[in-house]
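So this first bit is one chain, no partners, the form predicted alone, shown in structure tokens.
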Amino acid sequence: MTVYQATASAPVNIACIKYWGKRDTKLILPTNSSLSVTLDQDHLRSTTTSRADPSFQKDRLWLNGDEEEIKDGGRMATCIKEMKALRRQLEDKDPSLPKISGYPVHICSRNNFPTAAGLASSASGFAALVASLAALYQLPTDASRLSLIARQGSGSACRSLFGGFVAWQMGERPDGSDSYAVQVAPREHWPDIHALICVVSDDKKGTSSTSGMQRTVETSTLLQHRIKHVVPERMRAISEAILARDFDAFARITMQDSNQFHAVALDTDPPIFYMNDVSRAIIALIVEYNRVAIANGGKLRAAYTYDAGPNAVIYAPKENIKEIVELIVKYFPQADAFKDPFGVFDGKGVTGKVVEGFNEAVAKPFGVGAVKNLIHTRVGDGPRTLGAEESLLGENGLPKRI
């Protein structure tokens, strides 16, 4: 008997120009365009197996080992329905194809990082879902077309369907047909961009992105200024910086946009606080690190950015990552040794120190655990279709015990 199954993985993306605000909550149409860096799946990914079988009673989903309800009309149900419809179109055109669009599906998904902790788990999760269903249904669809569907699961998921540097074009049409992701540049264009993620908290957020976003749209006057006057120019400028591999311009725009996003959250009524004292201390350290570089005749050497949570993502050319790790560890000692996937420390340990000329009074040292974990990664590729040996479902169509 033929088994109709496919497994795919998809990456996390972290935005430099933030998406915050929807003009249509059902279709997930944004109030502004956004731009992100796709991170390496070797370190951060969601993996999803989808199987279609006539013996299944209904569509079912397991996330990180627990079964989740697929609510009628909900985001997950919408994505599955849209993907089945694309398969049905193929079957209608070619009667020889097996009619698997009518079969219920079992879907099993796992993240290798904390869910709902400000690390864009929904983005990689919905991108992996769409990528695995596209492989299952053998759809000849391009990534931008698939991004239209992933967007309806989680807005930023549309950007995780590409590697490298990715723009989500907000579009103008009410049906959302022109609101999709496009690649600005592949990772091979600027492979030198690395990221250090400082996990400040892996707890679930107090204010979810969905509810926080809606409150901002309803109450923030600063958001309206951002939408009309700020983001269009930043999108143009950061795209140019990426194409020119101009880190100084890329870093400046990335930090400015992170700051403005959190200012918009603060301008919401009542205000939303996603950053905490640890987050703000990391900003102070990066600002001072950059000040020293500029004082010595150089340019910006690192860029911080924060999504809707306290975790810092620091973008930098690979050559600066060693100094940045030393700096962070000096102020935020780690319980565990730094995992060094790219060998920047040549097997030597991290001692925790600052660069010459650094004003150590810009932040106070914190205790062990204030930054729970450091993840060193880099710009990465888009979704991958995996082999049968990577399947998360057993022969019975239920999740394997891991």
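Each residue number is its position in the shown sequence, starting from 1. Remember, predicted model here, so these are calculated numbers, not experimental data.
Keep in mind the form predicted in complex with a further copy of the same chain is missing from the figure; the text below concerns it.
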Region of this chain that lies against a further copy of the same chain in the predicted complex, out of 105 to 113, 153 to 161, 235 to 243, 261 to 269 [heavy atom, 4.5 Å]: 261 to 269
Wondering, does K364 line up within 4.5 Å of a further copy of the same chain in the predicted complex on heavy atoms? yes
Taking heavy atoms only, is R88 within 4.5 angstroms of a further copy of the same chain in the predicted complex? no
Is W168 a contact residue for a further copy of the same chain in the predicted complex, using a 4.5 Å heavy atom cut-off? no
Would R187 sit within 4.5 Å of a further copy of the same chain in the predicted complex, counting heavy atoms only? no
From the list R252, K322, K299, K330, which entry has a heavy atom within 4.5 Å of a further copy of the same chain in the predicted complex? R252
With a further copy of the same chain left out of view, choose which of S144, T78, N276, Q138 has a non-hydrogen atom within 4.5 angstroms of it in the predicted complex. N276
What residues in 213 to 241 sit within 4.5 Å of a further copy of the same chain in the predicted complex, counting heavy atoms only? T221, L222, H225, R226, V230, R234
